[in-house]
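In the structure tokens that follow, the same protein chain appears in two forms, which are kept apart as structure 1 and structure 2.
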Structure 1
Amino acid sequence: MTKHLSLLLALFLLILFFSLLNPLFFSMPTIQAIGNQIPDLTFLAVALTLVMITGGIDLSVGSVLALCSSIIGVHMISNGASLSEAFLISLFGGALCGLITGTITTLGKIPSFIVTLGMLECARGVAYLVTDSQTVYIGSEVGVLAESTVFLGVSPMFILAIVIVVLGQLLLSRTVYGRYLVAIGTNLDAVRLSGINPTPYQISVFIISGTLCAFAALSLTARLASSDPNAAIGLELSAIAAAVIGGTSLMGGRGSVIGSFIGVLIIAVLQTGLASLGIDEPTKRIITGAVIVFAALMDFWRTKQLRA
């Protein structure tokens, strides 16, 4: 709880800083804009949190998102499928990518960094094949999910993202499954010696990650009203950064879904605030990158202190 309060304080100070520099920053339109832009990153941050807690990493989430988005667009335009049908197929595609990644990583005893790096390329390549390397324009049927508002000007996808955050936190902190994930990331050998088979749990987090990529794809596709095979390039880095800023350890065994969500808000406020000040894109990337490195250094320091 103290950790979450510290993150909220950092978020508040960041908002205060940009509000002092630009009085128009702290306004309802800005808040609504941030809220409607973060669902896809939120889904990926939740996915990365669960994977990282077990001591793994998933670098493929951005590419799997693009693949799932491509599946939605192609099935709706070329095959005449409804949005719900296309989304269900994309859910299957995302879960299948996670199953493949998790199985190879766990049973093949290959570092998840390498396996997910391979999946990053494979999923992106399949997305290009599915769309013939062209953006698929869908239109209003999917765009309504991003354009309509349900509460205080935020979209249905934002509400869904909040629901996923709550469910993810409950799964992690209130279930035996969540405690096993933390135990696996803390000491895998101890879990095995206690008579628990960690393999299904290690595979399952990658399946969950792939499934959440489909939700992120739905959000991004709705916002763009199209499926772009080039979408979400580099978004996995922002998701990892959000998780690390939120307190999830790169070494495994420690993390919080709520903390990762606050990390998403911090990144979103930072990027929006820099844009409101007229900061050019190269400078924004440099500042955001510096924040990511600082978060990684803080994670290393926290891990070192806990082990001391």
Structure 2
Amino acid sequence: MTKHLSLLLALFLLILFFSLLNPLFFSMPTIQAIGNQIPDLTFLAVALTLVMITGGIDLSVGSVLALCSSIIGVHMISNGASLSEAFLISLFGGALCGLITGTITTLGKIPSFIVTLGMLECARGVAYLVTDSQTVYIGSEVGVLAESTVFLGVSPMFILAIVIVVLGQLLLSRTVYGRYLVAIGTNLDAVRLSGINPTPYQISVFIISGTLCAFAALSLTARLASSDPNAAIGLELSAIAAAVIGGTSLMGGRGSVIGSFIGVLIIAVLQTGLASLGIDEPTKRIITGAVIVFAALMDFWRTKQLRA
């Protein structure tokens, strides 16, 4: 926990700051509103953390999310499938996207930046194709997953997001698989020289990323009670920002899932807080940009001090 002390402090100060400006900010409904909107970004941030630790990047997550969401909507409405059936197929779709990008990147030795940029376009195109560029309204059958009244005042998707964060962190820090991911990101040649074939690990991390996109899709679809083929445009950048704020290195080899989750919270609190004040759009964006850079800087300074 001490590792994330500066991040938690930044989060705390943000909450304090907005609560001072607007007494209604620190209230159960606001906390629920934030809790209800973070699951999609959380899943993507976990995905990005794992990919970035191996030294790769996945720019396609927003589009793959939209594709998975479209699959859920179309399958339920046009084909009359149940939610679990539809979600299962979208999981498969997300994993398939990850398998394609992972395989091309790793075996073709092409930077994941460009391969996933290609997937960003393709997946968005397929999303428009399957939905015929229309929002598919599903209704409460899926909407119930985003309702915060179900259990302890939080939504089922929120609980699932927390479970994924915990599992992601355990995978990263407590398993051989996680150690290999860090090793690949730190020094790929050393991994090869020690007789380990990195290829399956590199491909699998993109499959995990694609699968997590399907989870994110489920949560966004639930929140909108519809599938929106335009969903999550640019959300990959928020996910990357959350991971970097949380101390994940863009160069690979360093990062933590918990840190990324705190990064998600910082972004969400900032967004909600600024909205609660009704600050004008240009100022909002300037503040958001500044806070992202500042939070990342703070983490960087602290890590340097810890090493020294």
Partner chain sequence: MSWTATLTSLKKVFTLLSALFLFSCGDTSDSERGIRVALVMKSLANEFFATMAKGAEAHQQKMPDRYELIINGIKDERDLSRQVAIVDEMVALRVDAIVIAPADSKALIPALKRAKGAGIVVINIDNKLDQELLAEEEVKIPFVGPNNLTGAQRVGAVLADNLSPSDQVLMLEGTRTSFNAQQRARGFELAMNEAAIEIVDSQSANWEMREANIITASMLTRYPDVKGILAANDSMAMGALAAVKTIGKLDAIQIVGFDNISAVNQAVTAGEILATADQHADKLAAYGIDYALTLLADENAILEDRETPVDLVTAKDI
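Not measured: the values here are computed from a predicted model. Between two forms, the rigid core is the largest collection of C-alphas that superpose within 1.5 Å. Here, residue number means position along structure 1's sequence, counting from 1.
The form predicted in complex with its partner chain appears here as structure 2. Once the cores line up, the CA of residue 283 ends up 2 angstroms or more apart between structures 1 and 2. Relative to the superposed core, residue 14 undergoes a C-alpha shift smaller than 2 Å between structures 1 and 2. In the core-superposed comparison between structures 1 and 2, the CA atom of residue 293 travels 4.2 Å.
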